[in-house]
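Read the single chain below, which is given as structure tokens and is the form predicted alone.
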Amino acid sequence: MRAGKTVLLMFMLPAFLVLVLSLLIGLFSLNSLKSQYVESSDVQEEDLQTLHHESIFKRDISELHGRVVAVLDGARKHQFTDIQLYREHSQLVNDLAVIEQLVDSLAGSNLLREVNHNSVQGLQQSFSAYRRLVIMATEIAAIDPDTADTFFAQAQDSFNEFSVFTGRISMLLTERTMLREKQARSRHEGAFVQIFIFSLLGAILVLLMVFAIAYRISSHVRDIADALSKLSYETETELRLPAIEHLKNTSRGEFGRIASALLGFRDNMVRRIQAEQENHRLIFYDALTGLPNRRLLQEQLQYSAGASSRVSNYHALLWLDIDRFKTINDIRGHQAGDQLLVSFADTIRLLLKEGDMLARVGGDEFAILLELPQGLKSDAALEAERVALDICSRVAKVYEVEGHSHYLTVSIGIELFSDKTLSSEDLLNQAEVAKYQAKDAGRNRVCFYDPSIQVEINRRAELENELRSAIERRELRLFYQLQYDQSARPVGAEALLRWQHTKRGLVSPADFIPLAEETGLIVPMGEWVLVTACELLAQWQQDELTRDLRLAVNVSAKQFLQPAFVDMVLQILHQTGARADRLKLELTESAVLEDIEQAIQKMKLLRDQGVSFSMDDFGTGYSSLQYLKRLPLDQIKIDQSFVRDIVEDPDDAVIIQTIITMGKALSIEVIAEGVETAEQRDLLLSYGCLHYQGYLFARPLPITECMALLKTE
């Protein structure tokens, strides 16, 4: 009976295979024709869309160019007020941004990538130059129409350049579209030939399968023998026995039982290997990035030191620390921080050659072990520095995490070694010290280990410990620098933090404020400053001499980003009884730019209660009208670096005039800090700045001396 079934199967199986193969070939043919048709349609639609975008670009840029001519002509003839020119400038900036997106969209289209790439780059470069010059021309039109005309003349050259490029691109796009149509027709014709070939191959395949049936039994034996061989020598967890799995699923007799026994043995062996590998991974690898951890790195360091001493070459240990990672982690959360670490590790992996070891040794810290073939220490040091600088430049880029963009840089410390003189722990410590030196040098730097840096590290650690108890020991002091108007009348004061150390004396803010920022101590210190300042404000309210003065308090970025910042300020005002309309909070640009929407919301909540805001050090950072016009500011403070050289440096004078003009246009008060001479004050007054702060009027003083100065005014 079993033999009869086998013979029947041998006759029926080929017929069944022919039927199935015919259906598959027909289905494949229809799907192939359909996919080619859809692909051709999509390509044609995309090409037409690209041509449409190119036409829109020509239309929009021509219309905008005409508007620019009209604005500059009106500015030259004094037909516009400063506010009108600012609005026209703002609208042109927005329109140029929209057109720039259109240019980028054109440059990224598939059709343009296939045509003349130099024309595409030329279009982008000439438009970028045109956009920059137009913005500069319209922005300065209110102050200096002649300079604006000079910028516009250069912009006209760029306009002519990209007009030539757009014409060339239009011709190339049309030719390429026609060529694609011909190619699509040729593909359709070739499809019919392919169908015939596949049908012929299918017939041959059926014939071969008929012969294969005769060898079915022998193939099972061969599969079992191969499986036994793999089980004897294989040590990987990904041990696949597809032939045996198939045999188990298709055979019910002895072959099926043998296949089940082999697969059971395989599963037991795989579980044992996986347990061993998991144990090894937990001990020697980082769970988040999958990189070697500090323990495995230490073992490799010991081995590398021994190898270097035997062959007289060098190894380099690079310690990498992501700059400002803690700020990102605090703002976006640990999950976003983990994603950034994984992206960062993936980027570094691609930069290393085979044989180099990348390890994660801490939260946002990584280490790289390089083998250097150079025999001379100077040559090895140059090669290690070259690799580190290359990593710095390649890593410095924008990383996208959860819809937010973060620009990351890295500081790198290097320890060079060639023997077993130092232990692996010593090598790691010295590389870390070199990293601290790189961060102190301004971040995004590369530094070799210097023993003198260890002394500085110890000094900073001691200073940090003393700073932590400075509040409890009542060593913090507030000095006050008065602010004056154009009539030399005091209008307010700025509270400045000082540290009166019991042994070191008066510690410079330049020494302890950055340390407080890095350690997070700036948050409790900032709260103490705010409480002390508000207590003084409450006292001033009872004195006719000081009741109208406003007191400015500096707020650090880390303090402002605290979720409970608004509640803290309102609670302090309530507890001290200070008037909110006499309190002015000074923010830096970095504080508001970390999260502009959250910053605006916090500022509005406090401003509704009467608190005013000043933008400190204005002009030294981003200082863009795009965000300045959205912030609920009452005052902007011109940085002393511009005021210092206002008399000798015409560029600083132009910058200050521009800031004052911006303030007037946005109805924001302007105050200049660092005013030290009457000549500086007179120039500022002639430009329209009516409030001043600096040594010309008063130095930062303790409260008793400050009050004595007020009584003499």
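All residue numbers refer to positions in the sequence shown, first residue = 1. The model shown is predicted, which means the values in this text are computed figures rather than measured ones.
There is another form of the same protein, the form predicted together with a small molecule; it is not shown, and what comes next is about it.
For Gly520, no non-hydrogen atom is located within 4.5 Å of the small molecule in the model of the complex, even though that partner is not displayed. Looking at Pro700, you'd find a heavy atom of it within 4.5 angstroms of the small molecule in the model of the complex.
Using a 4.5 angstroms threshold between heavy atoms, Gly663 stays clear of the small molecule in the model of the complex. When contacts are judged by a 4.5 Å heavy atom cut-off, Ser612 does not count as touching the small molecule in the model of the complex. Only one of 628-636, 493-501, 461-469, 318-326 lies within 4.5 Å of the small molecule in the model of the complex by heavy atoms, and it is 493-501. Not one of Val395, Asn444 and Glu594 comes within 4.5 Å of the small molecule in the model of the complex, counting any heavy atom. Among the residues Pro524, Gly577, Pro509, Gly333, the one placing a heavy atom within 4.5 Å of the small molecule in the model of the complex is Pro509. Here is the short version: of Gln437, Asn554, Ser424, Thr289, the single residue with a heavy atom within 4.5 Å of the small molecule in the model of the complex is Asn554.
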